[in-house]
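Given as structure tokens, the chain that follows is alone and in the form predicted alone.
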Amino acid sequence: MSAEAGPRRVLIVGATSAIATEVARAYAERGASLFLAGRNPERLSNAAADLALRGAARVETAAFDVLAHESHGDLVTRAFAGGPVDVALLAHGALPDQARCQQSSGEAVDALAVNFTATVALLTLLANRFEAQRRGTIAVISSVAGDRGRQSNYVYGAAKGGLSVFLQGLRNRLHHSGVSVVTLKPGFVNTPMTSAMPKNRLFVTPRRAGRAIHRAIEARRDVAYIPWFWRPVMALITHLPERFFKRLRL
């Protein structure tokens, strides 16, 4: 646990995803107050009931579409209405069909919008709030896909790579105000988003990923690979010379 012990106020955007659900449960078990934002009101309601049973001090919900930029200000205002927020986790995102993105510029732009542009828009508002309160942690789920472009998912990888660089700059800026920025880089997680992908031993459960994310946030890690073994794997991939890498079918 971090120095900020005891009940805390936590905002989770994309709260009904499989990974975010596990993170929320970890906080609920420690008596935190949770503010959940997501697209599906019914699933949010079900999640709130589950978290209350697990020990959450309070659970609020807000129906929220991250692509509706005009609603970002209202969400942030509601989340901070009860006072400072200790942790904000941005867990939304979508895995696009690479083949469709290659055939349609619209599909490619939509993938960048949900995985990068909308996240940056929301982070801009959140960063100003955290900077003003001079404490807290902003955590964002990026991906190992952003470490190097691969032919199988380079549109998604480009979005996540851009997001990781944005977070680097935000971390540099907010460090001087006592605010931590945690970049979370999951590998393969067995969730509905990856249901169409063939499974192998590199896949982990949402529970394992979610609990690892919770630990990374509490430790205020700068960058956390989820699980840990992706760090050496991606180090090998990113250091492979381009003249060899481009011949691979990854």
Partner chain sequence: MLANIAESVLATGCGRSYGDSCLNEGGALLDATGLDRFMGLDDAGVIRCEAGVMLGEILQVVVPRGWFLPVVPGTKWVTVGGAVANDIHGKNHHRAGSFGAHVTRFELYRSSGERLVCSPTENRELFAATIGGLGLTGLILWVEFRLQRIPGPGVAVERIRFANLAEFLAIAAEDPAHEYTVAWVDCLARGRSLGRGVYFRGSHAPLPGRVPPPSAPRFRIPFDAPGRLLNRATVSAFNAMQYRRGLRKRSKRTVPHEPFFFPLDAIGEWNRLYGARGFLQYQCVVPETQDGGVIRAILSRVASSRETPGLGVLKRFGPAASPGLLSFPRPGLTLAVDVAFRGRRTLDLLDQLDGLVRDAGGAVYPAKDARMSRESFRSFFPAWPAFARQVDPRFSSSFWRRVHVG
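If you're wondering where the values come from, they're calculated on a predicted model, not measured in any experiment. Positions refer to the first chain, counted from 1.
Same protein, other form: the form predicted in complex with the partner chain, not shown, and the subject of what follows.
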{"query": "All of Asp65, His72 and Val76 with a heavy atom within 4.5 Å of the partner chain in the model of the complex", "finding": "no"}
{"query": "Segment that reaches the partner chain in the model of the complex - one of 32 to 40, 46 to 54, 179 to 187, 214 to 222, heavy atoms within 4.5 Å", "finding": "46 to 54"}
{"query": "Contact flag, Arg25 vs the partner chain in the model of the complex, heavy atom cut 4.5 Å", "finding": "yes"}
{"query": "Contact set, 225 to 250 vs the partner chain in the model of the complex - heavy atom within 4.5 angstroms", "finding": "none"}
